[in-house]
Structure formats: structure tokens, C-alpha cells
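Starting off, we have a lone chain in the form predicted alone, written out as C-alpha cells.
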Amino acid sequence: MRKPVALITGAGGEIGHGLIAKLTESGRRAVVTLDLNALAPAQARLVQREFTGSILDTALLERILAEFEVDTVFHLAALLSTRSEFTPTTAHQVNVEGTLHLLEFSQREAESHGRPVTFIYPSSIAAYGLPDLETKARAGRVREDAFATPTTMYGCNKLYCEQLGRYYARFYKQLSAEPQAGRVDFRCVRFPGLISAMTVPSGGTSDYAPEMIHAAAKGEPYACFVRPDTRIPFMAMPDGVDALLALAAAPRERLTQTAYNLGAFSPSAAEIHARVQAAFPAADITWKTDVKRQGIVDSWPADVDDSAARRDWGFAPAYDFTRAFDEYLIPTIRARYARG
């Protein structure tokens, strides 16, 4: 008899670690994971089964389908924004074809056990594309249906996959009339820049914020790759994990759309620099604009309108700018390097 579980793809990342911990807390939920690399031992001990491989491997997905009754999918696996610009064909294969495989997998799972599969998909503010800085300044807090003209391969991938999810979910309300129709309950969030205190930044397009803190904590000079006036929305990683869980648990009848903006705080790079400099007075932070990455963040909104998420399923981030930096990011990263 197959066992009911939640499936997390791309589980080795920071969001995956947080989801595993929360879902398995006190035996609340059995979790199966899929990642290209093996999980760290601390995470591996928490999951019921760990699969190592690619989301493009249909034979591997068939094995999961045969062994487990997956009723919730957290599809985190993706090639991120900066790397996608260097390998756009690979990005399309992983981000689009991989998502299509997972949507088909979820459809078949739902048909197999007779109930819809909840499919949680993290999209990104990269799905937006504002044409110039003047438009960005005028736009204010951008809604989900505005400026959906991404300028990067990653953004194109994310926006298209949002539409794929809508396609698979479109018959959801007709299940009783059409039992073989779509059984994928697709739910998507558009994340802002996610900042984690637990992982080292890896050169992502929005990583200038955590990179400042890590360099300052290590006593190393840092040249910020965006202008001081650059402004995009951010969110602390714990709020990102909680948002995915809250959306997954929301009653379907309360949801009015398939994709939701999320935001928490929207400081300029200069404001982030001032906060880091106050915590590390000896920090050597300068400015050296990377034209390509600057162009990408300039095309993203300065802030987003997340009123639909707050109204429909109670999204309420715990960390504002002050608390995120003073209580979560700076002390945790400082302690990391103090321990050596």
C-alpha cells in the first residue's frame, strides 16, 4: 500500500531545509525528497525517503509514483537567475521542462488516488520586466497582472510555468462533473529577494544584501555590484518558508488567483549598506556596478502589492527591515564567523 507523503524537489537548498524541518516537526508530515545531490545528514535523517537524481528523469518520477501517494508537491528545483543567463538552453530544460514533468506527475498521482494534488510553486519577481527607471519609479507597488514582460531567461521560465500551472488547474472546480479533468491544485508565490542567514550567498542577482554582511563579518572588503539607489523587495528566509506552508494549507475556496506576490521590506542598497556599516564599523564596502546584473535588478519592481496574499490566505511576514537585519541576519552571520 502506497504511503501518503509530501514531495519536495530541490530539497537541498535553504528553502528545502526549512520545509523539511517544519513539515516533519513532531511527526506531523512524512516527506520524500528529490535533489541532484544527497541531503546533508541532519536533513536526511528527517525524511522518509531520499531520491537522488534529476527532475528530468521520468523513470525516477515513475518510481516515486509507484511507491508513494504524493498529495502535496513543493517544486523548488530550478536553475537560478544569474546562471540561467549564461546557460539559457539548460535553464529552459530544467525550469520549464522539469516543471512540466512535475505537473504531469501530479496529474497522474491525483488520478491514481482520486483526489487533487496541491502543487506549490515558487515563482519570482524576475517574472516582471519594467522598461526603464522612470517607469519603475512611477509604478510604485506593482500588482501581479502588471509589467509581465521579463527580461531574463529565468524570468521567462517562471512566468511561463505560472501559466502552465493555470492550465493544469483550470478544470479544478469542475472535478465532480469531469472526474478525469485537471486534478492539480496549482498555487504559486512570486518571491522577492530571499535572504538567508544560514547559507553563503552564491552570486545570485539579489545577493548583494547578504554579501555585504558576510564580507563585513569576515573583515573582508566588498564592492557592491549595484548602485546605491537600487531598490527591490526582499524577504527573510523564515518568512518565505512559512508563506509556502500557509499557502499549501489555505482552503481552496478562499483563493482568488493562482499566483500571489509576496513582499516584506524594500530598502535601497544604500540603506542596507548603512545598516551593515552600523553593525560593523570597520567594514570596507565600496561600489562597483556590474552592468549586466544592474540591468536585471533595474527591470524588477521597487516594491510589490501583496494585498491579495494577505487577504486570501493571511500572509503576514514576521520580519521587517529592522528585525530581519538586527535580529536574524547580522547576529547569525556574525556568530557563524566568530565560531570560525
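Note that residue numbering follows the sequence shown and begins at 1. These numbers were taken from a predicted model, which means no experiment stands behind them.
Although it is not shown, the form predicted in complex with a small molecule is what the next lines describe.
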*Within 4.5 Å of the small molecule in the predicted bound form, heavy atoms considered, which of L164, L245, L255, L80?*
L80
*Ok, G240, P150, G98, P192: which has a heavy atom sitting within 4.5 Å of the small molecule in the predicted bound form?*
P192
*Distance check, G204 to the small molecule in the predicted bound form, heavy atom within 4.5 Å*: yes
*Wondering, does S196 line up within 4.5 Å of the small molecule in the predicted bound form on heavy atoms?*
no
*Within a 4.5 Å heavy atom cut-off, is Y260 in contact with the small molecule in the predicted bound form?*
no
*asked:* Quick check on T230: any heavy atom within 4.5 Å of the small molecule in the predicted bound form?
replied: no
*S124, Y154 and W300 all contacting the small molecule in the predicted bound form, non-hydrogen atom within 4.5 Å*: yes
*Would you mind picking out the stretch of 101-109, 86-94, 205-213, 133-141 that comes within 4.5 angstroms of the small molecule in the predicted bound form, counting non-hydrogen atoms?*
205-213
